[in-house]
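Take a look at this one chain, the form predicted on its own, written out in structure tokens.
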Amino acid sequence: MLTNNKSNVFVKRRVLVMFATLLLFWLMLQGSLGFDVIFIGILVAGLIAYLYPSGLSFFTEFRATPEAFKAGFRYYAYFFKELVKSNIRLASVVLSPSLPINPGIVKVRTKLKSKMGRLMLANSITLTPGTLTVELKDEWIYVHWVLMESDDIEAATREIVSGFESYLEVMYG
């Protein structure tokens, strides 16, 4: 019974923190402390915090360890490097008169166990030009790949997933 009580306190604290964060963010965006602005902020922040007690943040399943924070910085550095590389690569393909594309949907596998880690991975793939996450189901991700190099699961996983996954695994598991 004590464990359940601890869990309830944790959920209530998380809801309260989310409410306060949403309200503060709303007030900063509005730049006004008028009664109507505060009232609407309290109403909407309270409704969102009530409807989503498990949270909306990418910190929901984040492992708050020094290694995870380091991996987070490395992840964003890797993401921006891949973003620039894929933009240049895709631009060269689009500007080429022969338009050498080889589109296709490939099936890749992720080792990530957490829902938020998988979501971050799927979004990272989609935000990188030339790839688009079509479906995320359990450990399988279906990706539309403009320059499909291989339809082999292991090769496609190494090419598309493994770089992001190495950092996300430390951050989310």
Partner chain sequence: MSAFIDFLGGLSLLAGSAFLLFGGLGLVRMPDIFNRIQAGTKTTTLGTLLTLLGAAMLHPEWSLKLLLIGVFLIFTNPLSSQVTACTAHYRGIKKSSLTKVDRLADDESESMEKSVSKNPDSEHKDKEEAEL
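Just so we're on the same page, rigid core means the largest C-alpha set that superposes within 1.5 Å between forms. Numbering follows the first chain given and starts at 1. Predicted, not measured: the structure shown is a model, and the values here were computed from it.
The next section is about a form of this same protein that is not shown, the form predicted together with its partner chain.
Trainee: Does its partner chain come within 4.5 Å of any heavy atom of Tyr142 in the predicted bound form?
Mentor: Tyr142: contacts its partner chain in the predicted bound form.
Trainee: Can you tell me whether Met148 touches its partner chain? I mean in the predicted bound form, with a 4.5 angstroms heavy atom cut-off.
Mentor: Met148 belongs to the contact set for its partner chain.
Trainee: Is there a heavy atom of Ala91 no more than 4.5 Å from a heavy atom of its partner chain in the predicted bound form?
Mentor: Yes, Ala91 is a contact residue.
Trainee: Using the partner position in the predicted bound form, report whether Phe80 sits within 4.5 Å of its partner chain, counting heavy atoms only.
Mentor: Phe80 belongs to the contact set for its partner chain.
Trainee: Quick one: name the residues from 15-32 with any non-hydrogen atom within 4.5 angstroms of its partner chain in the predicted bound form.
Mentor: Stretch hits, in order: Phe25, Met28, Leu29, Gly31.
Trainee: With both forms fit on the core, has Tyr142 moved 2 Å or more by CA between this form and the one not shown?
Mentor: No: Tyr142 shifts by under 2 Å between this form and the one not shown.
Trainee: Aligned on the rigid core, do the two forms place the Cα of Thr21 2 Å or more apart, comparing between this form and the one not shown?
Mentor: For Thr21, whose C-alpha is compared between this form and the one not shown after core superposition, the shift is 2 Å or more.
Trainee: Spell out whether the Cα of Asn123 moves at least 2 Å between this form and the one not shown when the two forms are superposed on their rigid core.
Mentor: False for Asn123: its C-alpha shift is below 2 Å.
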